[in-house]
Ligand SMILES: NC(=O)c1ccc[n+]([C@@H]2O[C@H](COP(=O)([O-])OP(=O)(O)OC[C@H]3O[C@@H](n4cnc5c(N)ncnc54)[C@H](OP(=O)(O)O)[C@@H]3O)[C@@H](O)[C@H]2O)c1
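A lone chain, given as structure tokens: the form predicted alone.
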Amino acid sequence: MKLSGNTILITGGSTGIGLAFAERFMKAGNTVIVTGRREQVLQDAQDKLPGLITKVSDLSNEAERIALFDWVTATYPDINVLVNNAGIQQRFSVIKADAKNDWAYFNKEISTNIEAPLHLAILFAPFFAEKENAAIINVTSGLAFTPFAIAPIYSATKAALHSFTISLRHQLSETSVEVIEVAPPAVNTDLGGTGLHVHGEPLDAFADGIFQGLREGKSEIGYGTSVDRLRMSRDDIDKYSESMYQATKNMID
């Protein structure tokens, strides 16, 4: 994709990976809009990056997704890039989960991580297909390939988004819309809670690595440990997932 002169919407862009992407896109000469659920956090992001455009939106809600699409296409009709980045991660034991009385807690992860990006991609695809240059970037995870057993819903949603991204790429292959998958490893952000990813890849180094992949025109971009996982054999996936579970299962006991 071309890296300058775009108008870009990044979901979940007020912190972490989304904000790091926003900073780099702005430095490259793009207009950047980010969404988030918390107005104060969005304001903090705007204070950090003057010129950043923000919009409060809860993407787990269907009506708010449609309202976001209507607002951004009317207010910024030059928009030509969607970055589906918003996501939440919940670690839990299925034995201890209260799925009868608290399904809304678990369903929030499904609606945010998979329903929202699919819905937004399908909303924007025909709009983008009329553009000379456009792109949809779906942020999945290394866990789409090697599931993290103590975050079972998160891993499943990222695997589903990976599969959808392949289908989307095929369907849009004869249009101007590039479809790109970014599959992060563990990155030092607050995903899932403060302090859970302090041993992950440094955020700035990760973001720089992904942007190098964009410059090189890659359609599937990993970084660090996720690079090998994108092409692991089934046997290697099983071994890797088992070793991760054995190393972390005490976290949910």
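Everything numeric here is computed off the predicted structure, so don't read it as measured data. Heads up: residue numbers just count along the shown sequence, starting at 1.
One more form of this protein exists, namely the form predicted in complex with this ligand; it is left out here, but the text below deals with it.
- Heavy atoms within 4.5 Å of this ligand in the predicted bound form are found in exactly one of 125-133, 99-107, 74-82, 150-158, that being 150-158.
- Although the partner is absent here, residue 220 is not a contact residue: none of its heavy atoms lies within 4.5 angstroms of this ligand in the predicted bound form.
- Although the partner is absent here, residue 9 lies well away from this ligand in the predicted bound form, with no heavy atom inside 4.5 Å.
- Though the partner is left out of this view, residue 59 does reach within 4.5 Å of this ligand in the predicted bound form, counting heavy atoms only.
- Taking the partner from elsewhere, residue 165 is found to have every heavy atom lying beyond 4.5 Å of this ligand in the predicted bound form.
- Of all the residues from 117-153, those having a non-hydrogen atom no more than 4.5 Å from this ligand in the predicted bound form are 139, 140, 141.
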